[in-house]
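Here you get one chain, nothing else, as structure tokens; it is the form predicted on its own.
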């Protein structure tokens, strides 16, 4: 479990350019949870996730992983980064080796594993991401498609065998097919490997479809924290924060305002369809 206690981060502290990116953030992330982290650009969400694996150090506050402060003396940051894996936005820009296999091996080797052990981990990670076999292992990462490059980059993080996987806008720039492949991969990792997943996304449809909990960040503070249905009930407040709800939320509210008995808590297309089908007799009478 990750516990965040009153976390504050200030850029350019003590200068005329001082800016507070995080303001007293406190929350808990239990093992195995699938969390969506949303917020407008500049809200502090990227700053927050970079604290979780030690890339940034808090100005004040604390982060505990499995009960131990990552700021305690002699804390093993290398172990932290193998426990909490972070996939940056456009991670394929960080591919650099001559083959996909060598690229995925880089992380485990950096942890001190032997070539054989690193190769074993890399092959397991490539299998998880659908890139197994010599066809992919020996290919140049730069010859892969956009979606395959993204999966290869994710495999590089998975090869370090993290317990927590954080992904910053993992579908950015992908076509619809590549986007669906990546999201399905992330869901499978969560369900099959029981991994804790934190998904940073601007797509309300994606978080509504996949996550079980949403944390909304605004001006460095947590504004909402709950299930997707609980959070999207506040769709008007989200709009004031520069966000929105899934499109079906607006459709269902418009139908309810027009007098139809539909579920205004529906947040996915499937839920909206089922609710509308139940109301079909009422629709027919109206027509």
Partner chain sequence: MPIVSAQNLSFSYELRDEEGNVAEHIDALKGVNLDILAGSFVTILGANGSGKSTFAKQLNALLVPTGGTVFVDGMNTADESHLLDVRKTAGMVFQNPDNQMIASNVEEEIAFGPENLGVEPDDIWRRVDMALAAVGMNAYRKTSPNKLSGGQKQRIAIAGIVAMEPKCIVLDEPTAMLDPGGRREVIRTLHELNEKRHVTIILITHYMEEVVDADYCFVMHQGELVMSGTPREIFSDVETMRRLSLDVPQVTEVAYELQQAGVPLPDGILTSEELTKALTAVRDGGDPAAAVEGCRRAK
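Residue numbers count along the first chain shown, from 1. The shown structure was predicted, so the numbers you read here are calculated from the model rather than taken from an experiment.
Although not depicted, the form predicted together with its partner chain is the subject of the following passage.
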key: 123, 128 and 191 all contacting its partner chain in the predicted bound form, non-hydrogen atom within 4.5 Å   = no
note = For its partner chain in the predicted bound form, the stretch among 242 to 250, 65 to 73, 227 to 235, 25 to 33 with residues bearing a heavy atom within 4.5 Å is 242 to 250
Its partner chain: the contacting residue among 185, 174, 195, 139 in the predicted bound form [heavy atom, 4.5 Å] = 174
key: Partner proximity in the predicted bound form: residue 269 to its partner chain, non-hydrogen atom cutoff 4.5 Å   = yes
query = Taking 4.5 angstroms as the cut-off for heavy atoms, does residue 205 touch its partner chain in the predicted bound form?
reply = yes
query = Though only this chain appears here, would residue 20 touch its partner chain in the predicted bound form if you measure heavy atom gaps against 4.5 Å?
reply = no
message = Does any part of residue 255 reach within 4.5 Å of its partner chain in the predicted bound form? Heavy atoms only, please.
response = yes
